[in-house]
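Shown here is one chain on its own, the form predicted on its own, set out as structure tokens.
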Amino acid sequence: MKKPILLAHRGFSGEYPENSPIAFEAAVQKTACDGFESDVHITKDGKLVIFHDATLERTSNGTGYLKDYTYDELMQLDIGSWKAPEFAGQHIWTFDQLLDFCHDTHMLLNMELKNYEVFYEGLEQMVIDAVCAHKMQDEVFVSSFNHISMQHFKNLNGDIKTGLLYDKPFLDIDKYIERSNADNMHPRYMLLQYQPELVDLYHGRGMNVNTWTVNEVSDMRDMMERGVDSIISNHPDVLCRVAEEMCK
């Protein structure tokens, strides 16, 4: 059985505060994952930063939209203590910092462009510029629920792989992807259980199937048996153990 690429969702987010430095570090130190899935936004002063939500309340001690804060203001926020008191003092990373970390630790990176609650003008080109500056075109692939953004991204740069995120069934998905220039499909894992023919459909179009967020052992096994190309999980330690058992 082919071993899929194993990605830690927002770092080791099952045990550590998501998208925090300690979550990325723990994924490297405590698991055999191949890389990370993470998220990028633009600050008020035009910096790319690593954070999931468009607003700050859920995973920091800030309030309001991230886009309304400068990078220096965001650096004053604590993004760890919401998870547990021992994680107090964790701070937001820039995209450049995460790229440096991935380069130094030889990790792959699936970067989600968060441009569908807030439509960030120029986000695609900014991400391209950062990836190319680090010469990591082969180590980074991008995705978004904003499929127009992914179409634009691919038109701007043909070297970095793109993927279409989606979490609801599409009508006539075969016809939908004919209009897309994306390299990969990123369906929520249960959609592959609902429509098992999708893996063969996408593979037949030369697209990789990268699925998320797979946290139960039974679903991890199921996705591997279906032949997906990448699995994202909050529990990369468990995911890696299951892959070691199944993909010998």
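Since the structure is predicted, the reported quantities are computational estimates derived from the model, not experimental observations. One-based numbering along the sequence shown.
What comes next is about the form predicted together with a small molecule, which does not appear here.
Student: Just to confirm, with a 4.5 Å cut-off on non-hydrogen atoms, which of 219, 183, 39, 34 contacts the small molecule in the predicted complex?
Tutor: By the 4.5 Å criterion, the partner-contacting residue is 39.
Student: May I ask you to choose, among 165, 126, 77, 173, the residue with a heavy atom within 4.5 Å of the small molecule in the predicted complex?
Tutor: Only one listed residue qualifies here, and that residue is 165.
Student: Pick the stretch from 173 to 181, 130 to 138, 112 to 120, 78 to 86 whose residues have a heavy atom within 4.5 Å of the small molecule in the predicted complex.
Tutor: Heavy-atom contact with the partner occurs in 112 to 120.
Student: Determine whether any heavy atom of residue 235 comes within 4.5 Å of a heavy atom of the small molecule in the predicted complex, and answer yes or no.
Tutor: Residue 235 lies outside the contact set for the small molecule.
Student: Taking the small molecule as it sits in the predicted complex, is residue 145 in contact with it (heavy atom to heavy atom, 4.5 Å or less)?
Tutor: Contact with the small molecule, yes.
Student: With the cut-off set at 4.5 Å between non-hydrogen atoms, does residue 212 touch the small molecule in the predicted complex?
Tutor: Yes, contact at 4.5 Å.
Student: Applying a 4.5 Å heavy atom distance criterion, does residue 52 contact the small molecule in the predicted complex?
Tutor: Within the cut-off, so yes.
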